[in-house]
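The chain below stands alone and is given in structure tokens; this is the form predicted alone.
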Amino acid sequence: MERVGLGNYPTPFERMPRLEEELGGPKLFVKREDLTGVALGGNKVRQLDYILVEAKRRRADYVITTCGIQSNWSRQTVALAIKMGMKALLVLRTAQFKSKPKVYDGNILLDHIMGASIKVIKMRINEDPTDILEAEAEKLRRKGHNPLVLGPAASVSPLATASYADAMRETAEQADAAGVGLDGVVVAAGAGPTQGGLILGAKMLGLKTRVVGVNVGAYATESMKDVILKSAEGASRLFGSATTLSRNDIIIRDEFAGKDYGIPTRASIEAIRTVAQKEALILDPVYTSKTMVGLITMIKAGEFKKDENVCFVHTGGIPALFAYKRHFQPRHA
């Protein structure tokens, strides 16, 4: 499959010995998808590397997309659009926040610095702004532009899933080079395609690796499983493979999401501190911190044995941490 070719691959595969010691095993590794490059990276770079081939084919001069105010997807879309010589227009939903930001911070600050046009609408993360995207596209067409619209479906497309099937191959090769077999992979389950791609990739490779998703609260687990099955079916066809997933292949844990999407929990805040202080690895407040809580809890419950090898997939999102800075201020006497 064709790629735009803007990501930095392979991303590092690293041991986490101090966290491993803190938790008493198993052997812990991290796949550094936060280091895919381009405007601070993240897992969306790998997905967009496939998806934006369509922009190249259409000779688009604008990309229009949507997500939340603190969206990693939007930041990485803007970044890749710039690298491809296009402009970006973002329709950002307030999502977990009650109102439009008075001061830009985190991802939206980076979007603004990179020159994106930004329209903020009051809407939850699981609501669909497709009509608004199309209206904005029509305005641009009337001005003579040729926009490509990446609506909510783009981030859960077969191409997005295929990119992470390929990432699973990359990770398995790195683990093999390190002399370990991967017994488990733990990853954030936001919309589904990253986990779906990892499951599909493992199955295509004939691996017995257990890929566990931690639901971060954006979508209901059963609807995510529907998305994964549909997207993986399309991704498999793109590879020319007959591999299929069943519902039983998909493991998603619900109990670590907290009150809602984008709302930190005490445990997720503590996980950010712990991993930073043990491994100098910075997690984000929306996805990877809740995923790390899931991993730590599963280890303490004995769900991974001490002699097993488990990989945590760091999907990025670090810029959002700065929009949550009030949770990490020093405690003054």
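All figures in this text were calculated on a predicted structure; none of them were measured in a lab. The first residue of the sequence shown is number 1, and the count goes up from there.
Absent from the display: the form predicted in complex with a small molecule. The rest refers to it.
Stretch 193-201 is the contacting one of 79-87, 172-180, 115-123, 193-201, since its residues have non-hydrogen atoms within 4.5 Å of the small molecule in the predicted complex. When the small molecule is considered in the predicted complex, only one residue from 188, 235, 185, 108 comes within 4.5 Å through any heavy atom, namely 188. Contact with the small molecule in the predicted complex, judged by any heavy atom within 4.5 Å, is made by just one of 268, 47, 36, 65: 47. At a distance threshold of 4.5 angstroms between non-hydrogen atoms, residue 231 is out of contact with the small molecule in the predicted complex.
Although the partner is absent here, residue 315 lies within 4.5 Å of the small molecule in the predicted complex, judged by heavy atoms.
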